[in-house]
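A single chain, nothing else alongside it, follows as structure tokens in the form predicted on its own.
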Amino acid sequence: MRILLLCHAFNSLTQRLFVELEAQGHDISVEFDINDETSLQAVNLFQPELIIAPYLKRAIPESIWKKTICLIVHPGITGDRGPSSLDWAILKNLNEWGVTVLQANAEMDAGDIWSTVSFPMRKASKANLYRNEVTEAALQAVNIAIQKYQQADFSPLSLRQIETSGDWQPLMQQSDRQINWNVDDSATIIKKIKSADGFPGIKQKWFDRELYLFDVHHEPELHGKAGEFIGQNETAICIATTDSAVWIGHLKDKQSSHPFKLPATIVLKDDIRDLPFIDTKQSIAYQPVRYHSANGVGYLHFNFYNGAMSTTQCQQLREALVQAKQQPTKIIVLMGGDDFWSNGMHLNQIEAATSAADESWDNINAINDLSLEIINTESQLIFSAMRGNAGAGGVFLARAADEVWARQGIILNPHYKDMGNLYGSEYWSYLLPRFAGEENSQRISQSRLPMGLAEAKALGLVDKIIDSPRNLFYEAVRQRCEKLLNSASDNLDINQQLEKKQQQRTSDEAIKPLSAYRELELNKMKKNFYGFDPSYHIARYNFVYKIAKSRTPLTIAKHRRISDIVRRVS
């Protein structure tokens, strides 16, 4: 089918639908819903059989939904209506929620029902649930709706014909989830912040500043007077509650010169100088970098907010890897984070730095140092186990390992070009030819599109796809590693594989040293950071400040490409 995805932005859900529906053989194009005229023009150019709206911030114009069937992907159960669906589900502690596909009409979220898929609610943030359970349910619901569309005798049911438990829910206000530190226990505070994580955050007045709270973690071991600041670590602040404490990892100060999300210790730097420092290794609840081993396998977790890795975090992770390599294991698994595996450089911290160019340079060198440590590991096999999505430098950081394992359904964005034609590093000019081959290397490095795992595996970015539910992924990885330790693989035991790995590295280094690849990449990136072309700095600014695009990129809006228009006319 010819399907137009009409959306506010190319977010995680839209990308997943784009990748999966194209893989099924559908002809997919995307249009950002900037205004009525632009959206109507896209419909006239593409002439879609069906329009699917996975992420919109306004109603579809009548001039479109009266002409073409438009299916809205609503993150709520049947009958649920309103713009804060998932927020309310989290705040109300609901055990089950869902996604409903309904037909656009004159009344918001009140159209005929095409499909609905439910899922159990985890105790997770809104953003995390959206990228995982909501996205999975949405994909199922959209596929069901497409199948029904192709049935000549199918007629969707109106809300009046269906017994529903959902109802209209208004836009959630700050007053609906305001924290009362003298009354709310840790569970209540965590629930409130998680219901707003991603956007808009919880408004809080501290130090005569209006701040927004994100990235919360429970701290059961620390106590103090409710609402009192009791400690800080490298990035977060610890606040006492009525029963224990919570860590707040990120804040936003809309009135500051950097009105976007930053680590709490950066936002409050001048206000918390005397606050005691608590090493994250002493916390059982908030350890962004954490290592543990079991049965001869080491697992290195790095749970960085939104997958962004600052200079300091890259250095900490490298130090943790160095220590892990000194342990008596034969395998080290790079587990990444709970939400994202990694998205590379920390663009927000770069934007907030005194010199964005200098911080960019420091950040990319820190990631390169980490990549080098992975590549040059001789005593263990290194596996990257990707439970969540990854983008830009995070994809190539994963490829630095001996093998990349990825959970079925995640999306990779292995490109830098959309960030102002950034050249990229992490030794990709060595890693891609080695694992993907020269032809595939060109295809990967020149692409600007999200990639599903079938394509990633075919191109050599991923070695194994693990078809496992999200909550069972670690167990699947553990079993795979322990089986590898206890049996032959490709007729080679672990020691033979390590020997083969060392020989390969020695041979590669003799042909062209890693330092040469790094020098080539960094010479290109130096021009991105310090050169006359400001494209990278403009693209980063637009990304950090969330400047809406004025048009849909031609990479996804195929209906706006001259070649496609000519083909359709002819």
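Heads up: residue numbers just count along the shown sequence, starting at 1. Everything quoted here is computed from the prediction, not taken from an experiment.
Form predicted in complex with coenzyme A (COA): not shown, discussed below.
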Hey, in the model of the complex, is Gln24 touching coenzyme A (COA), heavy atoms inside 4.5 Å?
-> no
Taking heavy atoms only, is Gly409 within 4.5 angstroms of coenzyme A (COA) in the model of the complex?
-> no
Can any non-hydrogen atom of Thr377 be found within 4.5 angstroms of coenzyme A (COA) in the model of the complex?
-> no
Does coenzyme A (COA) come within 4.5 Å of any heavy atom of Thr552 in the model of the complex?
-> no
Thinking of Gly198, Asn348 and Leu422 as one candidate spot, does coenzyme A (COA) come within 4.5 Å of a heavy atom in every one of them in the model of the complex?
-> yes
Which one, 118 to 126, 149 to 157, 338 to 346, 237 to 245, holds residues whose non-hydrogen atoms are within 4.5 Å of coenzyme A (COA) in the model of the complex?
-> 338 to 346
Could you spot which one of Ala285, Ile494, Ala308, Ile272 gets a heavy atom to within 4.5 Å of coenzyme A (COA) in the model of the complex?
-> Ala308
Residue within 4.5 Å of coenzyme A (COA) in the model of the complex by heavy atom, from Gly298, Gly393, Gly231, Gly249, is Gly393
Judged by heavy atom distances of 4.5 Å or less, which residues of 411 to 433 approach coenzyme A (COA) in the model of the complex?
-> Asn413, Tyr416, Met419, Leu422, Glu426
